[in-house]
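Here you get one chain, nothing else, as structure tokens; it is the form predicted alone.
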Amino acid sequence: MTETRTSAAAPPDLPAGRARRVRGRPLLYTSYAQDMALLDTPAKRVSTGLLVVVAFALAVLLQDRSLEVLAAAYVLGIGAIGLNIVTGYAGQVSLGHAFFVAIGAYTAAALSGPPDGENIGYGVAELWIWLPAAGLVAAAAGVLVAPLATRLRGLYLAVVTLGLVFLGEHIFKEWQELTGGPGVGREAAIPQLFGVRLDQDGPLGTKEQLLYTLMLTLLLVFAVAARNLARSRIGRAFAAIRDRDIAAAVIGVPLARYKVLAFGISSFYAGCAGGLLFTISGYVEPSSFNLLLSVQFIAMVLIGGVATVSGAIAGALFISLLQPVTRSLPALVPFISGDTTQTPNVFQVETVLYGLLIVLFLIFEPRGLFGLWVRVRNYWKSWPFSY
């Protein structure tokens, strides 16, 4: 009798006990764990594995200059993922991402700087100390700002966060003991791991190869953490607040707590990105954290794809690889100057180009590069039956 009930309860083609994939039906989920898996199909696991292997192999295949550009793109990807958490997943508009990036950069620079130098320094050169510290200080600043997010939303919140950029730019220019002052700057954080300096050539490779490998590894760690966060209870609460905050409050989601948490996590990512961003060039200057940097991060999220980790990374790569093209315009277009005192210059062209790309993507493909990839994938899966 017991065997009869067990046989009737189980699906006809599935074994009892642990859920297994049905051969030939990769999108047929037989358990909640399969539906919520990080990489839920064999094709995703294989393609992601190959992509990671190719990315690490580029460290020995590309020239040092190309590795430097890609390493900076990976760091910007960490910052874009952070902005995507608060804007894409939690629906809180933030234009002040450059402010939190600056806090992380100067926290890392101050911790790793020499204690007897002209600027504030504590001589803590180990990356595993100053990197979390940069993120935590930026996260603390984000938590301080977050109570405004519980009272404001939409355009009002955007304007308040925009004010952080101008406020922070003024403070960093005036606080010369920390930043070195405008036009002077200071040395960025030293990437040293367990006594090995990664900003110098060594037996493991050139400094560009070492920094590239480090930034790629950190990007993978932050990306997996963000993807897992989106799949967790916290991520579902963020999505509920983004879709309709009043409805989320009705079903029991504490809005204030999760909005503060979203700003804190986003600022942590921004702080870590700030600590790493200038280690590649070894120099940090106060005017770098201006409105253009915030616009760049917004462009990365919107062009790559809102509320997707892979879209944020794709957007960061797109914007970073676009910069070498725009910086070469003065040699190709005579009326565009590379001097910032003349008009039009390459930085003005970049700002206009970012705005134009944001408008075009919002009109024709609001899901960004990730949406284009979904269209291509769906066409391939349904080919030749497109309807």
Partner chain sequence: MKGLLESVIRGLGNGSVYALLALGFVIIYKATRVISFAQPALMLAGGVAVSYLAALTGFYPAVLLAALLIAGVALVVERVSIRPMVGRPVFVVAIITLGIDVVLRVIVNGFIGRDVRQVGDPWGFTQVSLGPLVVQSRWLAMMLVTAVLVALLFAFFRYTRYGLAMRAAAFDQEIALAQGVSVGAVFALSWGLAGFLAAIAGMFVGTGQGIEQLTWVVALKALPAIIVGGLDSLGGAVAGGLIVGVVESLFQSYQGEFAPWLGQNFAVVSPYVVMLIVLMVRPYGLFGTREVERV
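Positions refer to the first chain, counted from 1. Computed from a predicted model, the values in this text were never measured in an experiment.
Unshown form predicted in complex with its partner chain; subsequent notes refer to it.
Shown without its partner, this chain lists Ile298, Ala72, Ala307, Ala110 as candidates; in the predicted bound form, only Ile298 has a non-hydrogen atom within 4.5 angstroms of its partner chain. For the residues Val137, Ile241, Val93, Leu178, the 4.5 Å heavy atom test against its partner chain in the predicted bound form is passed only by Val93.
The three residues Ile129, Glu187 and Val253 each lack any heavy atom within 4.5 Å of its partner chain in the predicted bound form. The stretch that touches its partner chain in the predicted bound form, counting heavy atoms within 4.5 Å, is 244 to 252, out of 244 to 252, 214 to 222, 121 to 129, 277 to 285. Proximity of Ile358 to its partner chain in the predicted bound form falls within the 4.5 Å heavy atom cutoff. Its partner chain in the predicted bound form comes within 4.5 Å of no heavy atom belonging to Ala33.
Within 4.5 Å of some heavy atom of its partner chain in the predicted bound form lies at least one heavy atom of Arg151. Its partner chain in the predicted bound form comes within 4.5 Å of a heavy atom belonging to Ile363. Residues of 161 to 191 that come within 4.5 Å of its partner chain in the predicted bound form, judged by any heavy atom, are Leu162, Gly163, Phe166, Leu167, His170, Glu174 in sequence order.
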